[in-house]
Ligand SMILES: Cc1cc2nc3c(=O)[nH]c(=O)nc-3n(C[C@H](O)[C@H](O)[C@H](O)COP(=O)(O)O)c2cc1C
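This document opens with one chain alone, in structure tokens, the form predicted on its own.
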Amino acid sequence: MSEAGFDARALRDAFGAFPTGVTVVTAHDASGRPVGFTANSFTSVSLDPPLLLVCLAKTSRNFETMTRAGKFAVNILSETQKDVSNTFARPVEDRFAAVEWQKGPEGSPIFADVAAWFDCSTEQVLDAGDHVIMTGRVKAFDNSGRNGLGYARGSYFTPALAGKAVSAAAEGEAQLSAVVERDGDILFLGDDVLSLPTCAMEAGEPAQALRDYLQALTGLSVSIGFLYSVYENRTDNRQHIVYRATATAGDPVSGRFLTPAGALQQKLDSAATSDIVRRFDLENSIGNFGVYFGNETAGKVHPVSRKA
């Protein structure tokens, strides 16, 4: 696709394939009122001198305040702070009422329980299309050792939780499955009895192996998302790892897309599959997903919200 023909939404989705951390950038306005916004366009720039940068949309309600404040702080959110991210991404009148914070050494708001924070003086504000790039000189910082909150393809993820789940499942004989979604429908295999596409987990990266299997199976381009379920099936004595995935348009070579409600009216291969389909239907409708850990009958869902 040429530059002249770029679709803004498609370009944004492509940028979203790169996993990032999540930050809240904060400052004070001229009257001393704290302001802040959620940003994943953050990166380190230099160690000597200590510099970092964040990007700010020119349409942001905080644009004038942030670019004129002369200083700002970057709070790298921990994996338990999805609600903080959502609060500062919305047009809430008093965002700071929902978070514990204090002034940092340079005076900008610093949040409690973050993975790390940086208190900066503004070095430069550089024009960059519909955004500006704010570079900051780090005057003070702290690193709590907590894991950061991750974000990619429109959803949050928690790296420690995902890594622990895959490692645990890989200790035994494991199978990989996918809830392959397209416009709210799910890909199923079978005619009389429906099942989710599944393959054996072998050596290597599980998400890549699952993607290769799904693309060969369907003939479609498939993107693997985040973990959805990790459970032990005591009937077959196997660990099952289920990912969310999305597929491009077109008729699949194998399988068919059905609405979750329509699939639940037919015979499914297991109670575990039925539970996965019901949960996906509910979570997809409200935009709040989770990762299930347990066995085929009992477990716990750890919420992993979609960005508001």
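Computed from a predicted model, the values in this text were never measured in an experiment. Numbering starts at 1 and follows the sequence shown.
Beyond the structure shown, there is the form predicted together with the named molecule, which is absent from this document and is the topic of what follows.
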query	finding
Residue among His131, Arg146, Lys71, Lys139 with a heavy atom within 4.5 Å of the named molecule in the predicted bound form	His131
Interface residue in the predicted bound form among Phe111, Phe188, Tyr151, Tyr231, criterion: non-hydrogen atom within 4.5 angstroms of the named molecule	Tyr151
Interface membership of Tyr243, the named molecule in the predicted bound form, 4.5 Å heavy atom rule	no
Non-hydrogen atom contact Cys55 with the named molecule in the predicted bound form at 4.5 angstroms	yes
In the predicted bound form, Ala89 touching the named molecule (heavy atom, 4.5 Å)	yes
Asn62, heavy atom within 4.5 angstroms of the named molecule in the predicted bound form	yes
One stretch from 121-129, 97-105, 81-89, 178-186 that, in the predicted bound form, holds residues within 4.5 Å of the named molecule by heavy atom	81-89
Any residue of 36-51 that, in the predicted bound form, places a heavy atom within 4.5 Å of the named molecule	Phe37, Thr38, Ala39, Asn40, Ser41
